[in-house]
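Next up: just one chain, as structure tokens, the form predicted alone.
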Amino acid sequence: MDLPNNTIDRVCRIFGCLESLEERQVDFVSSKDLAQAIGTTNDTIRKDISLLGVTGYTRKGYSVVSLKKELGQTLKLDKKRKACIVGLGRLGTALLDYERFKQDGFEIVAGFDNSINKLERIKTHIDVFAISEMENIIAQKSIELGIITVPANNAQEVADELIKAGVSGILNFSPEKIVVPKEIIYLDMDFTSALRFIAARFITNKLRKSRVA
């Protein structure tokens, strides 16, 4: 199934909304409510869901449980996946024990850093190792996903090591853009760029309102 990246992104966010609704014991949800929750249109929601071959819209809307199950099975969002974190500074250490990962099906099973002193000081229930052990540990623990939280000048080297070790996807929290082979799924999480976007959007919204006024 070859889906556009935008569709996959929206479906993943729909899945997250459905998880939240299920936790609140909501039985049905409309395409309008889903559209408002993720910032798109009713038609786009229905189109995205239909592209996955999912049906079942009723007068009450979609069954929350059924739709979540179908989306999860179709894109394997319900599969448990193992991940590791490389770079155990403040951000990396915080992510090690982020409980929501496990609740959402992502199990952090290892952390890596090049500072032995840091590894000895970290208090966590997750196994932590020197970066030199990364290839062996990733193979032993069948880790699929790597999360990079190292300084910018080390990001590419770490990415190369993760790929060599056999991960299928990388989430990069470093501000440095990395280069990966086309078969590796890769996403940047640049906090500064995200904040710049919010600040710029805030300004453009103010300008638009002032012109309307």
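Note that residue numbering follows the sequence shown and begins at 1. Just so we're on the same page, rigid core means the largest C-alpha set that superposes within 1.5 Å between forms. For clarity, every value in this text was computed on a predicted model and none was experimentally measured.
Note that the form predicted together with the DNA isn't included here; everything after this is about it.
Sole residue of Ser168, Ser66, Thr41, Asn154 within 4.5 Å of the DNA in the model of the complex, by heavy atom: Only one listed residue qualifies here, and that residue is Thr41.
Stretch in contact, per heavy atom within 4.5 angstroms of the DNA in the model of the complex, of 46 to 54, 159 to 167, 146 to 154, 172 to 180: Only one stretch passes the 4.5 Å heavy-atom test: 46 to 54.
Within 4.5 Å of the DNA in the model of the complex, all of Val29, Arg59 and Tyr62 (non-hydrogen atom): All of them do, each having a heavy atom within 4.5 Å of the partner.
Neighbours of the DNA in the model of the complex among 161 to 194 [non-hydrogen atom within 4.5 angstroms]: The stretch 161 to 194, when checked against the DNA in the model of the complex, contributes no residue at the 4.5 Å heavy-atom cut-off.
C-alpha of Asn153 off by 2 Å or more between the shown form and the other one on rigid core: Result for Asn153: no, shift under 2 Å.
Core fit, then Gly56 C-alpha moves 2 Å or more between the shown form and the other one: After core superposition, the C-alpha of Gly56 moves 2 Å or more between the shown form and the other one.
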